[in-house]
Ligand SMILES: Cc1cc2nc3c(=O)[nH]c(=O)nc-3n(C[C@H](O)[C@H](O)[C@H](O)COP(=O)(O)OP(=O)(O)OC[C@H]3O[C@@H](n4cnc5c(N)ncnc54)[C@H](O)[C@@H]3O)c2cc1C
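Given as structure tokens, the chain that follows is alone and in the form predicted on its own.
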Amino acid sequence: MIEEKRRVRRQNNEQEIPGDQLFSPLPADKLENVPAWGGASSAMGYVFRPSTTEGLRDVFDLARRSGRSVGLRGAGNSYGDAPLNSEQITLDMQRMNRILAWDPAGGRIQVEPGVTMAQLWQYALEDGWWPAVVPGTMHPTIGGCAGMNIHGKNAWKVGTIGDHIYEFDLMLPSGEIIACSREKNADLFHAAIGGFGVVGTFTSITLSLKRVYSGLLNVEALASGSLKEMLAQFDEHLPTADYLVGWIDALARGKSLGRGQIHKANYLPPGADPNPSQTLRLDRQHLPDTLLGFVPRSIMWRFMQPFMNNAGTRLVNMGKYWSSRFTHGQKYQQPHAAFHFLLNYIPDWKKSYGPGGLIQYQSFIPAENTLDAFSEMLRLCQRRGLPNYLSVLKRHRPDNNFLITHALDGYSLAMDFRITPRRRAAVVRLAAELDEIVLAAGGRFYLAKDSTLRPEVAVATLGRDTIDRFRALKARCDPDNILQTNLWRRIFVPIISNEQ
């Protein structure tokens, strides 16, 4: 039996554990069902929540003794299987959530990896600082953001969050802690950021924040009659905007294909806000608890649920688009939190997709191929009867530093697909067809959102040399291959197995 387990572990590129200790029992009270954020997948596993570096070492020691792998999880905001580790150990980092150091004059902050984006901006805003890069929700941990190298609505201008990380400490599965920066252990620095948690675990991260002179942003709403018009509007406003994001009606056809709305935002310059001490207060940033002053936002997903189908979404999108035509060019001021964290505006909005959850497909296409590729993708979804219900367009800049990267000089389109038992297989087949369009256009993918990427597509987009370099560095830092996740085994283990 032990030899058979070893054979299986070698086939799966998992760590070898000597003797009778293979797959030793773990505490039953640690066994939990861990869901992916999108709700379309989950995994049973043993979840540990250490609060200190010694606690981290204890978990790695336990993994080694019991013959288990360890998967890292921040706040669990990755849409797919990046934070899942079936029947193995999951390290939930949320209890390591202390602010370690703060320089309010220079805007540099050192945090533990479990500090959330909400903690970060709430700690620094009243001193006049805002995170340089934020996602569409304030709940991810900074360790998770670094591990996935997240981007925001200003990606073409300031890059990813990794571009604003000054240094970090990384614990290897051996328990050794290595200090990393662009000058010290630079190869590990550029691999762990974006390395989806299989190189080591962050124990502290130091970031540089953005100086702001008001708690408000100047926002302008622009209607776009088609994808072609939206891309032209993006190009027009890129030189003058601090943030740009586009919503696309994925059900519109013909000349209206890709129509939607853009929101442009700019920081207020020094002196433009007559009362910055007031607008920077936290109580001026929090999202309201009610809609229209009386409807609790916590129940809004229930009102959305009946429209989460092709006919309902078509009706909602039509209303939203024509409303945007009437407000085209409207300018107003909005708090930072209200502009950035739309995914938190309606709590539990993902529940509106139903118990099957959602899969997000996000691709990145070079600018010169964006119009043709995204147009073809939207048409394909419509032909297959699987139009996505939420589509978001963003602009990006190339990244030549981080090893596993999604960034390029172009655009991304994030598309949410509702999952039901009948639709799941069809969505997976559709994703494979979409992959071919992305590959033909020279595009890339984003592992934080992924649920469907195939090993051969990862090789085609990342490149064999990049994958080999990443594997070599992982082998150096994690020779027993203790750090694993379902994503690692789905995408990267088959690549290794095919070479053997």
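The model shown is predicted, which means the values in this text are computed figures rather than measured ones. From 1 onward, residues are counted along the sequence shown.
Note that the form predicted in complex with the ligand isn't included here; everything after this is about it.
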Among 446 to 454, 464 to 472, 433 to 441, 59 to 67, the stretch whose residues bring a heavy atom within 4.5 Å of the ligand in the predicted complex is 446 to 454
Is Ser224 close to the ligand in the predicted complex, meaning a heavy atom pair under 4.5 Å apart or at it? no
ask   = Do Pro135 and the ligand share at least one heavy atom pair within 4.5 Å in the predicted complex?
value = yes
Within a 4.5 Å heavy atom cut-off, is His151 in contact with the ligand in the predicted complex?
yes
- Any of the heavy atoms of Tyr345 lying within 4.5 Å of the ligand in the predicted complex? no
Answer key: of Asn388, Asn85, Ser363, Asn77, within 4.5 Å of the ligand in the predicted complex (heavy atoms) is Asn77
Partner-free chain; cross-checking the ligand in the predicted complex, the single residue of Pro113, Gly215, Pro131, Gly246 with a heavy atom within 4.5 Å is Pro113
Looking in the predicted complex, is the ligand within 4.5 Å of a heavy atom from each of Gly107, Trp121 and Lys210?
-> no
Restricting to 37 to 54, the residues within 4.5 Å of the ligand in the predicted complex through any heavy atom are Trp37
